[in-house]
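Okay, here we've got a single chain as structure tokens, the form predicted alone, with questions on binding and movement later.
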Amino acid sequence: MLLFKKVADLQSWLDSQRAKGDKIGFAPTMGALHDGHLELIRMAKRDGCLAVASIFVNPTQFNDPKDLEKYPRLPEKDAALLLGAHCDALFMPPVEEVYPPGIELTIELDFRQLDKVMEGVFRPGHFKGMATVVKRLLDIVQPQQLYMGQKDFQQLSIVRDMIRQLQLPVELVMCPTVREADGLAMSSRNMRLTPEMRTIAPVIHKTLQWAKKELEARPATEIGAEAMQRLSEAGLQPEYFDIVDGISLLPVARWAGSDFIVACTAAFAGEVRLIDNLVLKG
């Protein structure tokens, strides 16, 4: 696996690979890698791509400076994991390589309601920063295929919309959420959970599974309210539990309301904020 820290060096190598006819598959990450991230690399390899990963803790998508400060940084461990997953190249740039001084790279797109619901309510500005860095990384790497995880479903929806609006020549590939044996979605934040909260946290996935069973028979608002109660009673502090259309992210009232329905939730387990989702239909 090759390690690059400068944009020019990475692009020079990518150009030489493309000249040989290689297809580039790209997985952007913020590090603190787990098996969910590695599955993105494995998918790219299975699809016949040269697998390129980036590790960049993007300062523009943290609305809370303390969250940015606490975000785990494990570059040596991450590089070893990527090597084990047969990643071909790792891009680990300093901030000034991604955001050169004096150049305005912020993207101004109208995502309609996509960036205003759910996470958008609790993390203002997050998605603008996320979309900006993904666009910047796509411009640098110019992959044919972009691999992202289902766990960040709203993020994935916004990136899909950005690709559509800007007519970017890249295919977005969604990788199903990878879970621990007890159902907890793998996340870089899980390592910050206390032992007590790690025991409680799997109730998030259990509640999503419960909602899937209930939706055919009951109104979505009723299920959402009861789900919030279940999470609270388990010892979590839920922020939302929304049942939405999988494309528009607008609320769905009942099972018959859409062909593609997803339940999305966020909850604090102590001081650690966890998100998860489950496709209920479609």
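A residue's number is simply how far along the shown sequence it sits, counting from 1. Remember, predicted model here, so these are calculated numbers, not experimental data.
In what follows, reference is made to the form predicted in complex with a small molecule, a form of this protein that is not presented.
Asks: Whether Leu82 contacts the small molecule in the model of the complex should be assessed with a 4.5 Å heavy atom distance threshold; does it?
Replies: No - in the model of the complex, heavy atoms of Leu82 and the small molecule never come within 4.5 Å of each other.
Asks: Report yes if any heavy atom of Pro176 sits within 4.5 Å of a heavy atom of the small molecule in the model of the complex; otherwise report no.
Replies: Contact with the small molecule, yes.
Asks: Would you check, heavy atoms only and a 4.5 Å threshold, whether Gln155 touches the small molecule in the model of the complex?
Replies: The answer is yes: Gln155 has a heavy atom within 4.5 Å of the small molecule.
Asks: Can you tell me if Tyr71 lies within 4.5 angstroms of the small molecule in the model of the complex, counting non-hydrogen atoms only?
Replies: Yes.
Asks: Would you point out which of 141 to 149, 93 to 101, 72 to 80, 107 to 115 contains residues with a non-hydrogen atom within 4.5 Å of the small molecule in the model of the complex?
Replies: The contacting stretch is 141 to 149.
Asks: Check each of Leu193, Met186, Ile200, Leu168 and return the one that places a heavy atom within 4.5 angstroms of the small molecule in the model of the complex.
Replies: Answer to the contact question: Met186.
Asks: Work out which of Arg254, Arg230, Arg42, His34 lies within 4.5 Å of the small molecule in the model of the complex, going by heavy atoms.
Replies: So the residue touching the small molecule in the model of the complex, by this definition, is His34.
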